[in-house]
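Look below for two forms of one protein chain, each set out as structure tokens: first structure 1, then structure 2.
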Structure 1
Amino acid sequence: MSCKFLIAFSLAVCLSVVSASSCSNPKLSSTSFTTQDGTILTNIAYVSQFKLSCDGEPADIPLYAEVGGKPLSVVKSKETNEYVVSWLEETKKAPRGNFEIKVYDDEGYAAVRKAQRNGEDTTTVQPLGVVILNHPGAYNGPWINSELAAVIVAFAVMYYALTTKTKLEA
């Protein structure tokens, strides 16, 4: 009798753990940040912070992300109960525009990795949700450096002074 009870109890615990790790009816709300000034930096930082709720309740499950086919780690903050995804790109190679951050749970990410190993299309795997990060581009400084502008103005003033002097002497 106690053996059957232990088996039933362990089965119930396993089912509750499995059902607790999946997310039904997911909702994502996000805020995003990117580096705006690239004049003295070598890398542009992309950061997206988002909250995940499953059936209206805050979720506490491990997540994984993918941007443009690159896997990224997702970190969860204990204080704010928010997830954070971030990555860096070189300033010269950093594209501007919208980035789709596909968010996966354990099962979804395992399916993505399996599809990649088998050479299959990963777009058939549905993500838990998609977060859009908008990067308008980074300011890389003026088109003409101030030193060059000063030299151009100095030559223009010198040219004007010399032409005026020659007209007055003639």
Structure 2
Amino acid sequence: MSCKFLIAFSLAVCLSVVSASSCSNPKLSSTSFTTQDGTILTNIAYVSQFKLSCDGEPADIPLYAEVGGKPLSVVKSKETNEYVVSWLEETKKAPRGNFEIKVYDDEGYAAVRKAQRNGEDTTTVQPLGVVILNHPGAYNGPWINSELAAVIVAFAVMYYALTTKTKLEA
């Protein structure tokens, strides 16, 4: 009797431990930030902060994230109870637009790594959630320098004046 009870109890404990590391009804809410001045920076930073709630309560499970096939470090901020994902790109090569950050839990990420090792498509693994980060593009300076534009206008005026003068004299 006690043996059976012990087995049942240990099974229940195991189940609860397993379910604690996975998330049911995950909800992600996020804010993002990207640096938008490329003239003084060597790298553009993409930062996304998100909150995960499982069944309406804030979660504290370890998470893994990936963007465009590249794994990202997920750090937690205890003060604001948020997860932060961040990465850098060189200013000249920094692409603009929407980036999909796929968030996985333990099992999901293990499945992704397994798929990568076997060479299978990783899109078959369902992430816990997808966070969209929009980068409107960094300002890399004006297309034409204003000094250059002024020189071009001055030359145009001078050219017109000289040609008209030679036409008159001829």
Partner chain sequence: MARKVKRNIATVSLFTMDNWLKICIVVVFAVATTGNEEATPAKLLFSKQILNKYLVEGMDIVIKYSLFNVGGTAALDVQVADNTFGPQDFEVVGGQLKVTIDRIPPGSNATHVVVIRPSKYGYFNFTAAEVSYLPSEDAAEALVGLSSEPGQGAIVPFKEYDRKFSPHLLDWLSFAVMSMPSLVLPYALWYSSKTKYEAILTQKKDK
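Take the two forms, find the largest set of C-alpha atoms that superpose within 1.5 Å, and that set is the rigid core. Quick note, the numbers are simply positions in structure 1, starting from 1. Here the structure is a predicted model, which is why all the values come from computation and not from measurement.
**OP:** Please match the form predicted on its own to structure 1 or structure 2.
**Re:** It is the first structure that is the form predicted on its own.
Original post:
After fitting the rigid core, is the C-alpha of Ile132 off by 2 Å or more between structures 1 and 2?
Top reply: No, because once the rigid core is superposed, the C-alpha of Ile132 moves less than 2 Å between structures 1 and 2.
Subject >> Rotational displacement of the smaller rigid part between structures 1 and 2, which moves against the larger, in degrees >> reply: The computed domain rotation is 28 degrees.
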